[in-house]
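Read the single chain below, which is given as structure tokens and is the form predicted on its own.
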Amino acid sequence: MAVFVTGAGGFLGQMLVNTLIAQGKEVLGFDYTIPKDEVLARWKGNLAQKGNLAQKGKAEFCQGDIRDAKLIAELVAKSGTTDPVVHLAGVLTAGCDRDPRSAIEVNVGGTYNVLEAALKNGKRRVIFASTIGVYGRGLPQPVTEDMPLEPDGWYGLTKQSAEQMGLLYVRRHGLDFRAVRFAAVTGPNRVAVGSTSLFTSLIPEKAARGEPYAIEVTPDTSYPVVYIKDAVDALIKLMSVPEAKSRIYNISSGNVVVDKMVAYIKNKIPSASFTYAPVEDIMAVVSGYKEWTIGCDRAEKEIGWRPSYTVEKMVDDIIAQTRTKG
């Protein structure tokens, strides 16, 4: 029996798999993107003694397309009938806007494939990674889970559709579907094609490497984020708790305010070199979140999750890990 993780080759997926095998879990990872050989070797237990990973479990990886319903059904069946299915695979913001048809096929159609396979293999618990992009603009603050869902982009729309499909499986089939609405996931060594939030990782990373950085947003940009370690902790808790009454939960560590982050970093690293070169497409997305505060009270009350990382602690960790890797 194994936890089945889609999107296992991505930034969040790799961290989740590492955490699960450190906890002694067996994992079957799936993604269109193949992780590096060193990652795959560690997952198999070949590099268990290298680094700080106290490995107890193991992970197998399979490459494929989430749109392939037959393959998804086979892999979910292979992973058993008891452990949860964690569905992280999807097209990100910019990719959705460039190719809405593909976004629908992957983010909505892929979720349908996962839900069907989970239903037919023991009604397995499904944990779904959604986004705060499902909410509309102009909302009162803080933003809570019971507010109207009026996304203004294809990414949010496809995630909203996937959420609603999951809730339909709850009502119609009794499937235990649960979801997290993540703020922008950030952390060190992040490679995210189609992400509009990469600047939240690159500002401290570039400073740690001694590289200049032309920041793609304006200094007054404020953007809700969740640190990678907080995000993984939320997924683990949602996988594990016996009941998730509300089924869908906001998850955010706080807001990155760009000029404040820059000032904090320059105080730590006086040689850090930043300029501003706002990109229109990125600003069109991030400007809509400038006044937002994400309410996470429901997650704390029902699944016992609360963020462990402030923005300052997040910056410190990114700098430390970047320097260690470098």
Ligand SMILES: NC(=O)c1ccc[n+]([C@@H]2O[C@H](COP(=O)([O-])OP(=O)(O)OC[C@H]3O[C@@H](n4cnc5c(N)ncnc54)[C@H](O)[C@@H]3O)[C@@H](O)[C@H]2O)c1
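Just count from 1 along the sequence shown to find any residue number. Keep in mind that this is a model prediction, so the values were computed, not measured.
Just so it is clear, the following notes concern the form predicted in complex with the ligand, a form of the same protein that is not shown.
Although the partner is absent from this view, Gly166 stays clear of the ligand in the model of the complex, with no non-hydrogen atom inside 4.5 angstroms.
With a 4.5 Å cutoff on heavy atoms, Pro307 does not count as touching the ligand in the model of the complex; it lies far away. Using a 4.5 Å cutoff between non-hydrogen atoms, Ile66 counts as a contact of the ligand in the model of the complex. Taking non-hydrogen atoms only, Thr33 approaches the ligand to within 4.5 angstroms in the model of the complex. Although the ligand is omitted here, in the model of the complex none of Val262, Val285 and Tyr289 has a heavy atom within 4.5 Å of it. Stretch-level contact analysis of 203 to 211, 74 to 82, 124 to 132, 252 to 260 against the ligand in the model of the complex, using heavy atoms and a 4.5 Å limit, identifies 124 to 132. Just one of Leu92, Val108, Leu157, Val143 comes within 4.5 Å of the ligand in the model of the complex, counting any heavy atom, and that one is Leu92.
Taking the ligand as positioned in the model of the complex, the residues of 5 to 19 that bring a heavy atom within 4.5 Å of it are, in sequence order, Gly7, Gly9, Gly10, Phe11, Leu12, Gly13.
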